[in-house]
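Next up is one chain by itself, shown in structure tokens, the form predicted on its own.
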């Protein structure tokens, strides 16, 4: 039990409709250490997107779950993930964020490694004994690497289940994102990188919290109203939307299994995929209507409407968020301390997107979701003030009970957060559900 009590951290009373989380898990470092071992070291973690590696030798290097790694496409076309640490004395063998390389040379003693991680150069190798074996000193790799629809995941646990099983119901929502384009999706150039002085699990909650938008993002709501968008008529979170026909405006929340969850809703601001909005300009109308017709030809009217007419905030346990709203945003984050985390976010777009649509999408990626946009500064302020509020240890519990007795939970309810917390509690306490796809 690691010397720390892991029981009664979550109250999950279905009969009474009561769900609470103990605030110690947001503030005490002992819990973060256990999270690193039991969650981040055992679950599938998003690392990169295949579109970032279009040519042989293309690579990106970044920290994934706190580990420095390199994702690279080899000369054979295969995508690999290498652990970015020299097997000689430990220095990073790659210090660039991205580029194209035939090999990686450690700056410390010039050991050189191939795209596959093989040790191919050792200065002064004649000074070593016959016991020295290059094959024993290849760059390390995560235990498991797999992809789904271009999303590259890694797992440090050899006994983990298959990625497709782990993703469970989240696959459907990644499909809705990826099916926007006949030619595939690509990560746009540029990265949003920022930090928050709060616990990482608060950002999980916030990323698909539909309850806070009207109160926390008032500036943006006023901005939409000034542009002529009917917020009151479109942003009614208590009205359920018929996602089969598109009738009505509203939302739903779903538990997708294995800690993944989503909120899905019809948004008022429009998206430059297949449904035209006045803010896109008259010149875009014909092109967007043609895109809608192509979607309907590929998937039928019902699925085409879900792809292009609804928005979704998808959380993939533990730390991947795909927000398919005004722009498609891939967001990952990792805690350095109980009250400090680092966030990275990228924009995902159709590979063949019209330049005007790309400009609209990029503007939305910055204007609403950017670190200096309408929403993200509000969210950061709210999470940091929550963290400061946790200093009042006398208040032990956070309540996440909203909508718990509802037969049809909506985006303003908190089913999606409860899905995360139930999986978190299972992994932390070792009470794994039958068929679980993470290992302790």
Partner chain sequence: MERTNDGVARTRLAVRCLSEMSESPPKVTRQEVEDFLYAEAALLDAWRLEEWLDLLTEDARYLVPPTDTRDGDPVTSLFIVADDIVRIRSRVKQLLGKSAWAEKPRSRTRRLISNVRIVENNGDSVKAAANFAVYRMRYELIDTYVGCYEYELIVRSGKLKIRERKAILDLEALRPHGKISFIL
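Nothing here was measured: the structure is a model prediction, and the numbers come from that model. Positions refer to the first chain, counted from 1.
Beyond the structure shown, there is the form predicted together with the partner chain, which is absent from this document and is the topic of what follows.
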State yes or no: in the model of the complex, is some non-hydrogen atom of residue 284 no more than 4.5 angstroms from a non-hydrogen atom of the partner chain?
no
Does the partner chain get within 4.5 angstroms of any non-hydrogen atom of residue 397 in the model of the complex?
no
Do residue 172 and the partner chain come within 4.5 Å of each other in the model of the complex, heavy atoms counted?
no
Is it the case that residue 160, even though its partner is missing from this view, gets within 4.5 Å of the partner chain in the model of the complex, heavy atoms only?
no
May I ask you to choose, among 83, 191, 168, 92, the residue with a heavy atom within 4.5 Å of the partner chain in the model of the complex?
191
Residue (of 101, 366, 178, 137) lying close to the partner chain in the model of the complex, criterion heavy atoms within 4.5 Å:
366
Give a yes or no on whether every one of 6, 20 and 402 sits within 4.5 angstroms of the partner chain in the model of the complex by heavy atom.
no
Just one stretch in 210 to 218, 71 to 79, 138 to 146, 115 to 123 has heavy atoms within 4.5 Å of the partner chain in the model of the complex, so which one is it?
210 to 218
For the stretch 341 to 367, which residues lie within 4.5 Å of the partner chain in the model of the complex by non-hydrogen atom distance?
342, 343, 344, 346, 347, 355, 358, 359, 362, 363, 365, 366, 367
